[in-house]
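The chain below stands alone and is given as structure tokens, in the form predicted on its own.
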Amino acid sequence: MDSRYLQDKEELKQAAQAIDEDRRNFLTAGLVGGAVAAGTLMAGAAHAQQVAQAPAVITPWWPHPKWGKDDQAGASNYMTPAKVLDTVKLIKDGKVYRVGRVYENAMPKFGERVFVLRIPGSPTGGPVGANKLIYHDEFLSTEIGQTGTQFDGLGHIGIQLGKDGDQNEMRYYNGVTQLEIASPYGLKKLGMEQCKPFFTRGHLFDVEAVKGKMMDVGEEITVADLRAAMQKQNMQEADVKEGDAVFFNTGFGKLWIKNNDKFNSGEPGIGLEVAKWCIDKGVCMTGADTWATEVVPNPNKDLAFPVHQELICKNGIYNHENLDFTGLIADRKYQFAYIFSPAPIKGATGSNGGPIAVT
């Protein structure tokens, strides 16, 4: 085996360990500490006690009951011609809304993630030909699927079922193990190339409007909040059909670039109760104006991102983070055609890109 390969592999391993340590420190210092304050606010609430229960992670969730043991596309399988034709019915005025954010270095980033763009030379090349063509290229260094408006793929989140280090008992969507997926050059299974493009019905729940203010760190969105939003927005629970996408506006996105420290300190979002509602509805995706969609810290301070595990890992439901619903809310457009084609980067854990809503 090439010595340079071994050196590269060791460097990647060390880098991964460093990132993992940074994220563990973040979770311990920030989220668990914040959970004490959140728990104080919610003390005595019966609902908080109910959703704080840890999900069972020892019962196998594979093979997928709908799409079988070899499936790697998850809930993107709902994207059928019938779903597209049903979605088109929502388009009445032809207005397009960009619901993704601009990618730039100043944006808030989780943990030690980076976003650095460089233009090599200016111009990068030329002049070429008798017409003296000149051009620019860019070099981008980032976790391309996990910064800015980010789309979580099925290889992003797993659950450790066995002892530390036992890669046979680290499981992802459809029971794929760490041994089956691991590679320093991209995931060998569940990469973004397996995800199908989305053209589906989107439903926006403006929970900020229900609360009358921007939600705060550790504040959980409940099913009761969703129903209050639907009533306020003249929507019906039956409107949410199998294969649809659901989105949550908390108001927390107003902190974007304006107060990155607070934005990164935790967030409001959905908990295990709403996750179950989404699973029961058979949605293809959740999304929000926050960096995880789910409530952080969780009401149970011992849990870290359990909603990610329930939706992505166990049910193949995708997650779209750091979205911007400003235009939709200003025009009171809460149901729309959601259109997004994840970048089909082989072996990637997620995708950047520019999702749109069409009304």
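Everything numeric here is computed off the predicted structure, so don't read it as measured data. Heads up: residue numbers just count along the shown sequence, starting at 1.
Only in words, not in the display: the form predicted together with a small molecule, which the text now covers.
- Listed residues 278, 157, 170, 217 were compared with the small molecule in the predicted bound form; 157 is the one with a heavy atom within 4.5 Å.
- Distance criterion of 4.5 Å from any heavy atom to the small molecule in the predicted bound form singles out 146 from the list 146, 72, 87, 76.
- The putative spot formed by 113, 150 and 305 is fully lined by the small molecule in the predicted bound form; each residue has a non-hydrogen atom within 4.5 angstroms of it.
- In the predicted bound form, the small molecule lies within 4.5 Å of some heavy atom of residue 321.
- In the predicted bound form, the small molecule lies farther than 4.5 Å from every heavy atom of residue 313.
- Though the partner is left out of this view, residue 334 does not reach within 4.5 Å of the small molecule in the predicted bound form, counting heavy atoms only.
- Of the heavy atoms in residue 292, some are within 4.5 Å of the small molecule in the predicted bound form.
- Proximity to the small molecule in the predicted bound form, taken as heavy atoms within 4.5 Å, picks out 284-292 from the listed stretches 284-292, 222-230, 121-129, 171-179.
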